[in-house]
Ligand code: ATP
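Okay, so here's just one chain, in structure tokens, the form predicted alone.
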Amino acid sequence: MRFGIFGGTFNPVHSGHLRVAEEVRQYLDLEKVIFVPSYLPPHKDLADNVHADKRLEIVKIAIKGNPYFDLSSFEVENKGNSYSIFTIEHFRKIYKATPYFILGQDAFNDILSWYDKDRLFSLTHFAVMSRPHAQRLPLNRIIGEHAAGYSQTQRGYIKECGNEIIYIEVTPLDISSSKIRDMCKKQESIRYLVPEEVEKYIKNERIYL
């Protein structure tokens, strides 16, 4: 099974998330991309305190119709801080395979601040998406001493065990969840920034008002 894990608060998930997930899926020829909404993100506050069940439902609505996209409530059901290492271990056990952990360049640049970071590099591939305002730094500046275990390849880096760090240029769609939340508060249209059914659900549930 070739699969990707795409985590985040998804508060709300938007067309930018969906498009880059599709581009990464196609680039890596993944059989599945699993969206994993966090319960409590360890690196930032959860804006507007939107309940996890609402964010799960928004993602469920958004990915409906794409047979390559799936939704997991693993982090929500576990409650507490959502640490990626536990999510990665969970899906390794299920699929008996090494996942591709999908994240933006800005998040990857900060990876040495992550929980149990030293084990991450042996458990997963990293699919690092380009971000408009995030610089691709030399690998040793990002992951420190762990860089010594990687060799450079045409599309990134690889360890002797086969785990890769893959850089992927994705369409730079300037859409943010925070902007969508602000627009909802101002009762401005969010049409085309999110799927139509997501827009209806947010309005009907009055989530960001």
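One rule holds for the numbers: they count along the sequence shown, beginning at 1. Worth saying up front: this structure is predicted, and the values here are computed from it rather than measured.
Unshown form predicted in complex with this ligand; subsequent notes refer to it.
Within 4.5 Å of this ligand in the predicted complex, a heavy atom is found for not a single one of Arg2, Ile111 and Asn163.
Contact annotation for Gly16: at least one heavy atom lies within 4.5 Å of this ligand in the predicted complex. A residue is said to contact a partner when one of its heavy atoms sits within 4.5 Å of a partner heavy atom; Tyr201 fails this definition for this ligand in the predicted complex, lying far away.
Taking non-hydrogen atoms only, Leu71 never approaches this ligand to within 4.5 angstroms in the predicted complex. Using a 4.5 Å cutoff between non-hydrogen atoms, Ser151 does not count as a contact of this ligand in the predicted complex. Heavy atoms within 4.5 Å of this ligand in the predicted complex are found in one stretch of 135 to 143, 71 to 79, 117 to 125, 97 to 105, which is 97 to 105. Annotation for 5 to 26: interface residues with this ligand in the predicted complex are Phe6, Gly7, Gly8, Thr9, Phe10, His14, Gly16, His17, Val20 [heavy atom within 4.5 Å].
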